[in-house]
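Shown below, as structure tokens, is a lone chain in the form predicted on its own; questions about how it binds or moves come after it.
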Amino acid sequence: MTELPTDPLDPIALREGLVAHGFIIPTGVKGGDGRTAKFEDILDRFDALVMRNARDDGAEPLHFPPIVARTLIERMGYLGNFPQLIGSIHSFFGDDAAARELAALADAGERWEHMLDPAETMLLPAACYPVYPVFSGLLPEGGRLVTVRNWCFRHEPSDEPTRLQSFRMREFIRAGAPEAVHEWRDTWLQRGLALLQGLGLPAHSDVASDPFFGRSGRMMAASQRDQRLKFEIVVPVISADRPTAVCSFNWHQEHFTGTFGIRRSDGATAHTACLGFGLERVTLALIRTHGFDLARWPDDVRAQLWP
């Protein structure tokens, strides 16, 4: 059986093992490694398992590109809450003379970014963001449930294998009456925990908070925890003391419905909640737990992922 690194909770050793056993491809970009077919197979099969588990929920699948309108990011309040994570897209809008100057600066090894201007788009920070404007207006009776899978970007460069700048999320987004949305979030917390534990992962759930920025952000994080608005499912991947969040469950209350005018069928303001599986992180948790040799993974785990 192929063994894990000597200390499987050492992030450097784990990363070296992932490279040596052909799961990731270093690119020189921190948090931007390539993934091999072997890695992608696990990721896709876990996503398929989630979708089979959610089949009877009747979630409507929607598909969006991994970019979003700059104006939407502004409306979301993301710049005030998470400025350290943003991915702004800048492009060249100059004439021929400016283009030659730009190329000359680059050829000379000098800085050239000042010749770019912001585009109308930004990199998508959360897979659920494009969904909320779709909900605007009156919801159907019983609300609405949507699922999306997308690439997300957050500027957190790191050599730590679970801290990625570009990663994929499978999300489900629920809009409707407050009590129904809250119950849906809490029910899925237990379903998600059972699904991950059923794959042999030593997972548990805990109250959590988002990485709000600055002094005011610490107050917002404390309030989020006090109100139990966010839960995470965590698994030891690179640390036993600080396990890695692989899935999150968020109750937004009226945060997005007030912004986008999302109302229940009776005209009252709706609530929203979302849950998201970090597909790369779950894949890494499975490799960390069961080893690099996929053929030697437990039979019951293989039966679920490779039915």
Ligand code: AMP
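Keep in mind it's a predicted model, so treat the numbers as computed, not measured. Residue numbers here begin at 1 and follow the sequence given.
Absent from the display: the form predicted together with this ligand. The rest refers to it.
- Within this chain, residue 186 is remote from the site of this ligand in the predicted complex, having no heavy atom within 4.5 Å.
- In the predicted complex, at least one heavy atom of residue 169 sits within 4.5 Å of this ligand.
- With a 4.5 Å cutoff on heavy atoms, residue 273 does not count as touching this ligand in the predicted complex; it lies far away.
- For residue 156, a non-hydrogen atom is located within 4.5 Å of this ligand in the predicted complex, even though that partner is not displayed.
- Partner contacts here mean any heavy atom within 4.5 Å of this ligand in the predicted complex, and among 53-61, 263-271, 243-251, 38-46 they occur only in 243-251.
- Put simply, of 144, 230, 149, 182 only one has a heavy atom within 4.5 Å of this ligand in the predicted complex, and it is 230.
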